[in-house]
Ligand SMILES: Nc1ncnc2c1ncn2[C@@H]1O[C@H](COP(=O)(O)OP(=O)(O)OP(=O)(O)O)[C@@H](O)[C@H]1O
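This document starts with one chain, in the form predicted alone, laid out as structure tokens.
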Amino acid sequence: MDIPQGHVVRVVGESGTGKTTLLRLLMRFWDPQKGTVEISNTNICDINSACLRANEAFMSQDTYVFHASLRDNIKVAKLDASAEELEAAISAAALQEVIERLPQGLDTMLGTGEAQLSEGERQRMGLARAFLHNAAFMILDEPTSNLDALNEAAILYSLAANTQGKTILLASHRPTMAAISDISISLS
């Protein structure tokens, strides 16, 4: 498989075909048991993990919520983010309406015994992290699976608008992802 730099690549396939495994290999959460994974013609096992992660933004299917404010939950992707960078990530992830309804907005505490976010809201928080990290290679696992059509359209628009200088890999069952993809790869 070849994922050309500067493209939006959609990976599709039935459950169990290896979409999530592929993404985890690209993040080097696991090393391949057979073959090699290369980025820019370099074996991923030869790339320093910190350097690799600095250049990759990963959003998993399940967004982890830390016992912290919503602001801190997003800024975990870039601790020194400016207010402008944070606002841009929130806007790109269509998260503003969630912030407006929370009792203390961005300063609302999340986690056990605190304010709870729906699956779709957690997903948008995960996308805000990915947008805030602003890495050259965005790896997104089912980024809109829990979103309604309106929020999904907003996310698709944001992804399409943020492709300059980026390679985006989308693992998704949703056919709507094809609208912003340059290439579709089917795993079976």
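Sequential numbering from 1, following the sequence displayed. The structure presented is a predicted model; accordingly, all values stated were derived computationally and were not measured.
Below, we refer to the form predicted together with the named molecule, which is not included among the displayed structures.
The named molecule is not shown here, and in the predicted complex it never comes within 4.5 Å of any heavy atom of T176. Contact check for Y64: no non-hydrogen atom falls within 4.5 Å of the named molecule in the predicted complex. At least one heavy atom of E142 is located within 4.5 Å of the named molecule in the predicted complex. In the predicted complex, at least one heavy atom of W30 sits within 4.5 Å of a heavy atom of the named molecule. Contacts between 7 to 31 and the named molecule, taken as any heavy atom within 4.5 Å in the predicted complex, involve E14, S15, G16, T17, G18, K19, T20, T21, W30.
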